[in-house]
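Listed next as structure tokens is one chain, alone, in the form predicted alone.
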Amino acid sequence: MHAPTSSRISLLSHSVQPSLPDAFDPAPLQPVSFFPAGAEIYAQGEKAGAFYQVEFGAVRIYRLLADGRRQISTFHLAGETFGFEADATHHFFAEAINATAVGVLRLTTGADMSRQLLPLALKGLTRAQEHLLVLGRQNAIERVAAFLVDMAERQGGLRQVELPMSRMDIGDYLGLTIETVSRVFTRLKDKGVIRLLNLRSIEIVKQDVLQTMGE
């Protein structure tokens, strides 16, 4: 279940994010909001209209199913944008995983929205398609391996990968139970594919093996 909306602390950022599409206003004083762990950024059904960029921390995007279960559709890490909708309503919840700062992005006056927003839409579509491919795999090891490869690539391909999300979050993203996720992590460790540095950090020891498992 999602946590109640928590208070936000308004900050100011003086840095321009080079990864932003040209349609976004790179104003030097960009408002940033701070969300403690578990705080709701926006809710399913709320009016959409702004885009968001993770300054630091991490965000989970999810939907609550009719039976109360949670399905996480994606995670967003520092530097990534989210909140893009095809219409004026948010169709998912957005929630801070840990202490997270989020910048609000607004379009520049007179920007060609249809052209400039196309890369965001296509990127979101590609991410959704990749998620469906992962969920379509029957083997839990394949799902977890593909997830770890994706997280490593999004963090610059480093051997040490930070996992801000919990094992339960990973399970809700991959369609697995928390027990299954924990068993797979242990199995990958026992095979020497990864090292478990702590609950939120791993080291990929055998990149090629993990890549093969996730294909």
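Since the structure is predicted, the reported quantities are computational estimates derived from the model, not experimental observations. So that there is no doubt, residue numbering starts at 1 and follows the sequence shown.
The discussion below concerns the form predicted together with the DNA, not included here.
In summary, among the residues 44, 160, 155, 182, the only one with a non-hydrogen atom within 4.5 Å of the DNA in the predicted bound form is 182. In terms of contact with the DNA in the predicted bound form, the residue from 97, 105, 78, 140 that brings a heavy atom within 4.5 Å is 140.
Taken together, the three residues 168, 176 and 199 all lie with some non-hydrogen atom within 4.5 angstroms of the DNA in the predicted bound form. You can rule out all but one of 144-152, 35-43, 160-168, 54-62: in the predicted bound form, only 160-168 has residues with a heavy atom within 4.5 Å of the DNA.
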